[in-house]
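In structure tokens, the next block holds one chain alone, the form predicted on its own.
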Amino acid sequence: MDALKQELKENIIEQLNLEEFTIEDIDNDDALFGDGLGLDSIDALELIVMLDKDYGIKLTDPEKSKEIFQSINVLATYITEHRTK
């Protein structure tokens, strides 16, 4: 699962244009929103598209996405359990 966490960090930095961050800056338990990386609702939509495109996961419940996007660890666990790609 470490490879998946690394891949998620790379994808998040690239797709959300977080040029000020490196993979090493993002701890697996850091909050993705709020005080952590400071992502916003537009970024959440980008992450939802990434989950669909890269892992075949379709999120339709906004409450579920808040839960899934807590941290890299939570996101990686969800992808491992639900991916179709």
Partner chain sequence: MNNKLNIQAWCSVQNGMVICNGKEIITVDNKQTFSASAKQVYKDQHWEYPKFFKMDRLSKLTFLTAEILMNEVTISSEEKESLAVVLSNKSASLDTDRKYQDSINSIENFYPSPAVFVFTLPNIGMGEVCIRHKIQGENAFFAFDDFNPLFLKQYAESLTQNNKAKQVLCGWTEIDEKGYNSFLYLASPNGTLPHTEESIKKLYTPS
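Since the structure is predicted, the reported quantities are computational estimates derived from the model, not experimental observations. Numbering follows the first chain given and starts at 1.
The protein also exists as the form predicted together with its partner chain; that form is not presented, and the subsequent description refers to it.
The three residues 42, 46 and 52 all sit with a heavy atom within 4.5 Å of its partner chain in the predicted complex. In the predicted complex, residue 24 stays away from its partner chain, with no heavy atom inside 4.5 Å. Within 4.5 Å of any heavy atom of its partner chain in the predicted complex lies no heavy atom of residue 63. Mapping the unseen interface onto this chain, residue 75 falls outside it, with no heavy atom inside 4.5 Å of its partner chain in the predicted complex. The shortest heavy atom separation between residue 68 and its partner chain in the predicted complex exceeds 4.5 Å.
Residues of 1-19 placing a heavy atom within 4.5 Å of its partner chain in the predicted complex, in sequence order: 16, 17, 18, 19.
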